[in-house]
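Below you'll find only one chain, the form predicted alone, shown as structure tokens.
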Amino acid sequence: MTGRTRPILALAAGFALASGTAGAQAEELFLYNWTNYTSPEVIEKFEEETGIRVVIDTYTSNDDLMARLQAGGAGYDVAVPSDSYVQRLIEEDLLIPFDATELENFANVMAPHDAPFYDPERMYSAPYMLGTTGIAYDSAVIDGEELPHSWDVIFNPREEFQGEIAMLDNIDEVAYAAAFYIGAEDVCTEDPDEWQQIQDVLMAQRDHVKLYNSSGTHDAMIAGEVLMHQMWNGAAHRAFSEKDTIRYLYPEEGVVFWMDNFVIPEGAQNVENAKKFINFMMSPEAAGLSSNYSGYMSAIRGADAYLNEELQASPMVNMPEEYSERLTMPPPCGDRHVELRDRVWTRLMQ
């Protein structure tokens, strides 16, 4: 979900961007992942250890991933959907079962991530990174003053932030935030009255939103392009590491907690290579180095031994324990929810 979307960079040899159509070749692996969410160092180690060349293509939302896999998957061997999207892919028969529990390094997976609601037997998926979606802002513009942990600061912004706000260009994340804000009993609400309230909130906020953006979110904050951004916590950490006036809020009304997962799409041509890659990524070293690169945490036991000091101390990554009750991992939402959500999003984007 992403923080998972910095600009695409030219990477070291062997870590190439696919043109969009992946063709199977011997000793290759075609990976479809969130933008700039895969450590070049980890890929290099995997290639050296296995002799398998990794080719990567990228996306910026789960809906983009779903659309590509529904259209045939373009021959990808591994993809990285978020929690409830794993369940959707399973239901649509778009994944190859591989039983992650049989992989050697699955023993490193910590509970409860070894048996999540969307794939309780881990027959189709293995964990990658996990994180939250909150609000980042630059405290320098209010002389270091701390804002309250509430969605109100972004939906009803004080003067300093008006016109200087960015929301994620992600239909789910924006809708969930507004649902939390209006006090909806369920983020998957199908109540037309609640959707009218959500639409009213988002339309009222629109005049203060400078851009809807899911790519380079931390760069936008560092450069001062915006002063407040709905943001994934890993991106907020990267912004904070370069600009120490950045703060991150866990709104009291509710915070989305998400987990990204490795899956093998239907049509994969290198299934055994995919299993080797997924097993490798569940090693403590690969997980720890991936966290250092992405700014997110993993579900892998022992990964903390490889974390850099900055990540271990980051307030964006290490959420205060008392905020844990604010977290919600949304389940797959029903068709009526999706219909109303899409209708509101279309209106918002006009």
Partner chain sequence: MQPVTAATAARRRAALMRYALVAPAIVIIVGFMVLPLGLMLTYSFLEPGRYGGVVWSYSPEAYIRFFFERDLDDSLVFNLAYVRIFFRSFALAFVTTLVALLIGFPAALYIAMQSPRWRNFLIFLVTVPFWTNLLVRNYAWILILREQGLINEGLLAVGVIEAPIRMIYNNFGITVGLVYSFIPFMVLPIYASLERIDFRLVEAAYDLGANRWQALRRIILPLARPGIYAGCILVFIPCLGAYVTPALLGGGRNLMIGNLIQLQFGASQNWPFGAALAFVLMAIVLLSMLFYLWRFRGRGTGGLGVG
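From a predicted model like this one, the values you see are computed outputs, not experimental measurements. Residue numbers count along the first chain shown, from 1.
Another form exists, predicted in complex with the partner chain; not displayed. Remarks below refer to it.
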Using a 4.5 Å heavy atom cut-off, which residue among Ala71, Ala115, Ala204, Ala223 comes into contact with the partner chain in the model of the complex? Ala223
Residue (of Ile278, Leu95, Val209, Val187) lying close to the partner chain in the model of the complex, criterion heavy atoms within 4.5 Å: Val209
Any of the heavy atoms of Arg341 lying within 4.5 Å of the partner chain in the model of the complex? yes
Test of understanding: in the model of the complex, would Leu103 fall inside 4.5 Å of the partner chain by heavy atoms? no
Should Trp195 be counted as a contact of the partner chain in the model of the complex, where contact means heavy atoms within 4.5 Å? yes
According to a 4.5 angstroms non-hydrogen atom cut-off, is Ser215 in contact with the partner chain in the model of the complex? yes
Non-hydrogen atom within 4.5 angstroms of the partner chain in the model of the complex for each of Ile182, Glu310 and Glu322: no
Region of this chain that lies against the partner chain in the model of the complex, out of 215-223, 75-83, 232-240, 147-155 [heavy atom, 4.5 Å]: 215-223
Within 306-340, the residues having any heavy atom within 4.5 Å of the partner chain in the model of the complex are Pro332, Cys333, Gly334, Asp335, Arg336, Val338, Leu340
Looking in the model of the complex, decide if the C-alpha atoms of Phe117 and Glu185 are closer or farther than in the form shown; they differ by 3 Å or more. closer
Comparing against this form, do Glu253 and Phe117 have their CA atoms pulled together or pushed apart in the model of the complex? The difference is 3 Å or more. closer
